[in-house]
Each structure stands twice: as C-alpha cells, then as structure tokens.
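Only one chain is included here, represented as structure tokens and corresponding to the form predicted alone.
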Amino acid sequence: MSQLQEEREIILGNENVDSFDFDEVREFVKGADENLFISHHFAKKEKMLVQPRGGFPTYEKQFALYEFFVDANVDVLPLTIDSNTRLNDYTTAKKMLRLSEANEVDMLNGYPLVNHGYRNTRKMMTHFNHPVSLRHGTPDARLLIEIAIASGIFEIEGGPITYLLPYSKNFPLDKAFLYWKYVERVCADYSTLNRPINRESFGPLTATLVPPSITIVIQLLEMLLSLEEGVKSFSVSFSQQGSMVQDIVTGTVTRKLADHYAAQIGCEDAIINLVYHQWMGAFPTNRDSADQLINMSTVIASMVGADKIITKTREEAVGIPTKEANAKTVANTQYTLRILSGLPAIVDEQEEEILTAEVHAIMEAVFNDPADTLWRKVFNSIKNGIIDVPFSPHIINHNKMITIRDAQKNIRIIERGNVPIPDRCYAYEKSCCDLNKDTTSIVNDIIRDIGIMQ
C-alpha cells in the first residue's frame, strides 16, 4: 500500500464518514457522464461558462436552488460549503444541520457535505448532470475533497495560499501546503480514470486593493504546485479590479505567463483556463446600481476573453442572496453574453511590459530561495515578505505593501515593502499617483478606494 493510500484510509476513517468504498468510488468516477466534468466543457470552447455562487444546509433547499439555476440556463452549478466544515468542525455542522432540518431555519451558511455524505449527495449531482464547482475556503480540505469527488463534484477550488491568507489568522501555512499536496495527488489520481478533475485557484484573495502582480504570482505558483503533482486541468483566476484596462492587461499577462511557466516544468500538455470573478469588493446597496455593476463585469469578462465567469447578485450588500436573486443574475449574464459581439481588442503594451517585468522579478526571487522544494520556496517567500498580500489577516503576511488607485482607477503600488518590484517599475507605479499629500489624505484616499463601487 502506498503512503498516500495509507493516509487516505486514515482521513476517511473519520467518525463523521459512513464506510467509504474505495473500489466503488473509483468505478463511479471511471464511468461518470462527461457532462459532470467541467474540463469537458472547457475543452469544447463553445462559450464562456457562467457559474453562480450558492449553498444551503439542507438537501431539499440545495436541490431547489439547483432547479432555479437550471431553469436560468446555468452552465456550472456551485456547492458552497458551510463555515463549520471549512474549519473541520463536522460535529457542530452535524448539530446545526439537524436543527435546520427540524425547524426549517438555515442554521448554516452553506452545505455540510461531509455530514450529508457522498452516497446521498451523488444522487443530486447525477440527477442534474451539470458540472459542479466546490467552493469552500478550507486550509485542510483532505476529507472534504474525498467526499466531493465521490459525490460527482469534479472541480475543486482553492489552494494553500489563496484559501489561507485571505481567510485565516493563525492556521499554520506549512501545514496548508502539505494538506493541499494531498488534494493535488488525489485529483491527479482520479484524473487518470476519466476526464481530468479541474483544479481552480482563488484569484480574488482579499479583494481589497491587491495589485495584479501579486495576484498573478500567486496564481502561477498554485498552478505549478498543482501541475507538479500530476494535475492536468487548472484554472487561474482574478476578480474585477476597478479599471477595465487593468483587467484586460491582467488577463493577457496571466494567460501568457501561465503557459510560459507551465512549459518551464515540462507541463505543456496541461490545459490552463482563465476565470473572471465579478466585483468581489463592497457592493452598492442600491440594487439597480448593483445590476449595472454586474452587467459591466460581464462586458469586461468578454473583453478579457475569460473561459468562465463567476457571478454576484443585486443582493450582495444586504445579506445572503436568495435563490431567486441568484437565478436572475445567471439569466441576465447569459443574456448579456449572448448579445455581445464585435468588442474591440484593447492592448496597452506599456502596462503589459511593466506588469510582466514585475511578475518575472517576483517569480525569480521565489525560485532563487535555497529551499529544496517549490512549496518550501513559496513558504519562505511569504515568510520573508517577497510575496505580500494587502489586507491579509494572517500573522505570517507582512502587510508592508501599500497600494492606492490612480486617476484612471488602476491599482498602483506606492510602498513595495520586501516585494522585489524592479526599480523602474516601482518608479512608474508611483509616477501614476498624486503622492504630494500628507499621510492623512493618502489614508483617506485608500479608504475611498476600497469602497469605490458603493
């Protein structure tokens, strides 16, 4: 028995898991319908795929949500996991699930997949026969992804950096790298049986003034960590940043450098997809303004040339969106995509050159770390501040990089901290901003920039 299989049997021996039949699950994955695999839909390249968000605690409500989505012509169904499961607290999730079922009140903010189990959940997934994306925010997702794949969920979002630095304060980063190595190996193993399991990184990070160079570097590194374990289908992503031109440049550079660095490790055969998140920052409370923001995001996603768009709703600012609001956004986004045609191709060679140079410089610094493995190099780079995510709550993140918007609403770096932004790029970034102000005025500008869409 391999070391990985020994670990899997320990993980799946959890008291909250019914007996896990490894052979039966492998046969299920081997014979699963191709429509359940998002990698199959990416390969067809017929259109940009539309995916909403959403998760309810009970089986019945999740089933009803999917009915709404299918009626709205959804391409990819979401399964958002509850917060207790994200923290591996399956006992509390079980109690809250029972209360939700008994009182018809949602006591969880998502679907407790581990407690529902794979045999039950698989009935729902195969009934709708759509690809499903697992959204969870879990640093230790080993048990969760085992149950997900056994259920027929063949896209797994997240990674050791993107599901830790934006969400956690104290969870050990080195453990997150090792736990996600397990996830990559399991996904790679199942990918040999049928269509590839798609892995997707979470590009929005803190969704708060994160400069595109940091976003792209983290996307590339999580991609490389996944590919080196044998994953063959991977999605890099980012969210709307507030400037149409900066979004288009970010998309162009991300695609080019993803192909470049995948080839550097001999993974030219891997399929790399680009995903665009509609605005992830503070939403306008006015629902009509929210609709306009969502429509603008859809237009930008088309100009970026994204393979998939992940939607928001007009209710983002007031609470957890209803299934009606979620389905309305799916229908509206599909309509907007259908009528868009003949959009102009926008190229900004100077911005592309500056951003490419910044990303290469940071990647080179990571690779030059003396550690013996890539994950240790990345770990050290975060610990040393070579990678620094603005507004991350995690104790290991330096939070020395400071960003602000210029007059065209581009995110600019005005304090680079330990991040090795080349001098000429740093000078260019700062030259785009009016920094002849006192500190209080600049802080007020940053606060204004965070709420730019409200």
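In this text, residue numbers run from 1 along the sequence as written. Please read these numbers as outputs of a predicted model, since none were measured by experiment.
From this point on, the text means the form predicted in complex with a further copy of the same chain, which you will not see here.
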property	result
a further copy of the same chain in the predicted complex: contacting segment from 58-66, 40-48, 407-415, 22-30, heavy atom within 4.5 Å	407-415
Proximity to a further copy of the same chain in the predicted complex, single hit among 365, 357, 72, 296 (heavy atom within 4.5 Å)	296
Proximity to a further copy of the same chain in the predicted complex, single hit among 245, 99, 361, 271 (heavy atom within 4.5 Å)	245
Every residue of 284, 335 and 340 near a further copy of the same chain in the predicted complex, heavy atom within 4.5 Å	yes
Residue contact check: residue 288 to a further copy of the same chain in the predicted complex, 4.5 Å heavy atom	yes
a further copy of the same chain contact in the predicted complex: residue 452, any heavy atom under 4.5 Å	yes
is_contact(residue 292, a further copy of the same chain) in the predicted complex, heavy atom dist at most 4.5 Å	yes
Residue contact check: residue 344 to a further copy of the same chain in the predicted complex, 4.5 Å heavy atom	yes
